[in-house]
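Encoded as structure tokens, the following chain is the form predicted on its own, with no partner shown.
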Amino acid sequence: MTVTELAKTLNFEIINTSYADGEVTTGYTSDLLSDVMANADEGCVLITIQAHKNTIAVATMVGASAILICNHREIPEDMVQAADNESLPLLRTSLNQYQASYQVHKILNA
């Protein structure tokens, strides 16, 4: 499933307009970036509340297909710019991390 298909199916808001619409193969939920670096799989959607540009750097390093910011957190402009620079989709939802993780798992394993 592509990032755009995932976002549309689960009503996630797509924040940036300049991104590569890659395949999402799994999800990974964490707010600890060192944990993401050690354990996230390439092609995952990173589900987190860490709304700052360091999250873009870590997601790019692990080869994540997208970042999903939960709890409808405000996303700073420098994070959006960093996502655009890396062509990394940046999504947002009002769901919390547990709810978003469940929805992503359910749709990817249907």
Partner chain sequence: MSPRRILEEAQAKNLDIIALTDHNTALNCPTLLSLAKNTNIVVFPGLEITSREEVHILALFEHLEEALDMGQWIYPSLTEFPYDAEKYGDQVYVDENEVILGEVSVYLGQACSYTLEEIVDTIHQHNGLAIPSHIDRPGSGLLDNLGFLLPQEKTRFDAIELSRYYWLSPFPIPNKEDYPCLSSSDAHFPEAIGTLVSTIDTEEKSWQGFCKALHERQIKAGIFPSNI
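Residue numbers count along the first chain shown, from 1. Not measured: the values here are computed from a predicted model.
If you look for the form predicted together with its partner chain, you will not find it shown, but the lines that follow are about it.
J.: Using heavy atoms and a 4.5 Å cut-off, decide whether Lys8, Ile15 and Glu23 all contact its partner chain in the predicted complex.
T.: Zero of three within 4.5 Å in the predicted complex.
J.: Within a 4.5 Å heavy atom cut-off, is His52 in contact with its partner chain in the predicted complex?
T.: Within the cut-off, so yes.
J.: Can Val80 be called a contact residue for its partner chain in the predicted complex at 4.5 Å between heavy atoms?
T.: Because no heavy atom of Val80 falls inside 4.5 Å of its partner chain in the predicted complex, the answer is no.
J.: Does its partner chain come within 4.5 Å of any heavy atom of Val58 in the predicted complex?
T.: Within the cut-off, so yes.
J.: Any chance Leu33 has a heavy atom within 4.5 Å of its partner chain in the predicted complex?
T.: Although its partner chain is absent here, Leu33 would touch it in the predicted complex, with heavy atoms inside 4.5 Å.
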